[in-house]
Ligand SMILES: NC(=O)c1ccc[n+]([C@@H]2O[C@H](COP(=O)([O-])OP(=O)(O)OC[C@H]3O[C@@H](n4cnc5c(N)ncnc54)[C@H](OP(=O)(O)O)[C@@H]3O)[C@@H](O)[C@H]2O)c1
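In structure tokens, the next block holds one chain alone, the form predicted on its own.
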Amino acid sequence: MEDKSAILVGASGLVGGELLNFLLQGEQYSKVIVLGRRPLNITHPKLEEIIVDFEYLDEYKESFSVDDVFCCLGTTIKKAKTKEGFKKVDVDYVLSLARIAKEMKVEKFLIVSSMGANQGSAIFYSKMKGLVEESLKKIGFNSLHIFRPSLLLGKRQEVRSGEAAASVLSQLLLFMFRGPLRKYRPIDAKVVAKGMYRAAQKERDGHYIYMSDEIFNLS
């Protein structure tokens, strides 16, 4: 087992939960720190859980002495209630996390974004994801990996009727997602998590963006 350590934020989410399994079961990390607002009720010799208030992340700065930071943090406007609430989680908290990681000399930052991320978009969700991506690039990580999956497949804790319907329809139309359209193919959260895990093991500097087809190839 290598003596690497990692921080994971968003472990209770769809991709984050799958990624936590890879981090705990793999041989690359001897310590995995999960930052979250509530306990996961999981025990593992590698796992250290820290219950945090994301409004005061600076108070947990010393915990960021790790090799890699994985960010799967995110919400929905329905859950956040307002656009301002959504921005607080998906933009403000993420950038606070990234700035502290950079200050603590973390070299590798990996994050789940979304297909269509574009800070110039008229769509609020896509605009916020694009804003985060551009802001992360300016922070100056030696190694930044941004994952832009298309429709995520997997069992969520909360029901999202729109996503469920889209998932069923897309499965019926899988034959269409070939060639140039392969990047729009729905992707299982476990595949995204595996892609993130494998990307973290590549020792290379620079900024990288992975669409769904590239995530499939990684995993």
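Predicted model, so just to flag it, every value in this text is computed and none were measured. Residue indices: 1-based, along the sequence shown.
Below, we turn to the form predicted together with the named molecule, even though it does not appear here.
The partner is absent here; in the predicted bound form, the one residue of S126, S96, N142, T75 having a heavy atom within 4.5 Å of the named molecule is T75. Although the partner is absent from the chain shown here, none of L57, K137 and I209 has a heavy atom within 4.5 Å of the named molecule in the predicted bound form. Taking the partner from the other structure, the named molecule in the predicted bound form has a heavy atom within 4.5 Å of a heavy atom of D90. None of the heavy atoms of N21 is located within 4.5 Å of the named molecule in the predicted bound form. Looking at L152, you'd find a heavy atom of it within 4.5 angstroms of the named molecule in the predicted bound form.
Taking the partner from the other structure, the named molecule in the predicted bound form has a heavy atom within 4.5 Å of a heavy atom of L14.
Counting a residue when any of its non-hydrogen atoms is within 4.5 Å of the named molecule in the predicted bound form, the hits in 107-133 run V112, S113, S114, Y125, K129.
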